[in-house]
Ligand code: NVA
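First, one chain by itself in structure tokens, the form predicted on its own.
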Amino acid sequence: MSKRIQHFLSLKDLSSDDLIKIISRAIELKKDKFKEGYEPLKNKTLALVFDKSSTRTRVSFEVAMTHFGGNTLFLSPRDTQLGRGEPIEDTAKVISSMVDLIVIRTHEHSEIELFAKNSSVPVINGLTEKFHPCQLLADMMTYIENKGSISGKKVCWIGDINNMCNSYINASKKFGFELSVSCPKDIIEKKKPVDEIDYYENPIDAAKKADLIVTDVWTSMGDENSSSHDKKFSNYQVNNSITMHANKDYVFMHCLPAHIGEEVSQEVFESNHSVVWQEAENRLHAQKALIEFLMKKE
């Protein structure tokens, strides 16, 4: 009987209890950032199979493995036979027979699902067009560090219904917070993934009494030529006229990179409410806890 591999393709892959444990562990690991002699992944190798550019995801995973005494192997389509048309199933079987853990950053979520199905080691979603679960681990960790439990709080998402928004929808169910989403009406009608979330065309209505306001670039990676898409969001900039309707101690987050002056004003981005740099650093600590968790499952 073959063993069941624990993958992390979306937040739905883990229970609420496991996600909370990972975040609690991440906070511990952050305090002991360079704990001497703790090398749980010594002689282990993490493969990064990236079909999209990356800063935070790549750096945080590579540093995480260094802290844990392990090794990292970075592979782009130019470095593998995937770029020459080798089937995903074949590549998955080969790479997973040689490494201990795989992070994939690709365009189609169906590709990472197919890869994971054929992998003999855990696969982590480093970003697809549907989900960005590692970013949500860092976001939840950052909120908990600053404000305590997010359960019962109100989170406001302003912007496109993209991979980050979809991940916040998943997070709302796993962590028990209220979520309001604001974007143009035609996008709500076209992309609305679930009915249990409150959708608003007016961002002010969505931001009322919010404890956390989150946004992302208006045009996702790979869609940069969609200038008409950006015009739809001209009234959806997170600025003081919107945040004044949130709770006075609200927190602002952005997964970065940010286009300041577009989806967020400079005043909000640089305000005391903004925790974007802490959020970015927490990618390292949250992913260390995730790696440790998945390898212990192994």
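So that there is no doubt, residue numbering starts at 1 and follows the sequence shown. All figures in this text were calculated on a predicted structure; none of them were measured in a lab.
There is also a form predicted in complex with the named molecule; it is not shown, and the following applies to it.
- Screening 109 to 117, 193 to 201, 169 to 177, 125 to 133 for residues having heavy atoms within 4.5 Å of the named molecule in the predicted complex returns a single hit, 125 to 133.
- Contact between S182 and the named molecule in the predicted complex is not found at the 4.5 Å heavy atom cutoff.
- Proximity of A26 to the named molecule in the predicted complex: non-hydrogen atoms within 4.5 Å are absent; the residue sits far from the partner.
- C255 belongs to the set of residues with a heavy atom inside 4.5 Å of the named molecule in the predicted complex.
- Using a 4.5 angstroms threshold between heavy atoms, I102 stays clear of the named molecule in the predicted complex.
- Between the named molecule and the residues V217, A206, M140, A92, the one pair within 4.5 Å by heavy atoms in the predicted complex involves V217.
- Contacts to the named molecule in the predicted complex (heavy atom within 4.5 Å) from stretch 137 to 174: N162, N163.
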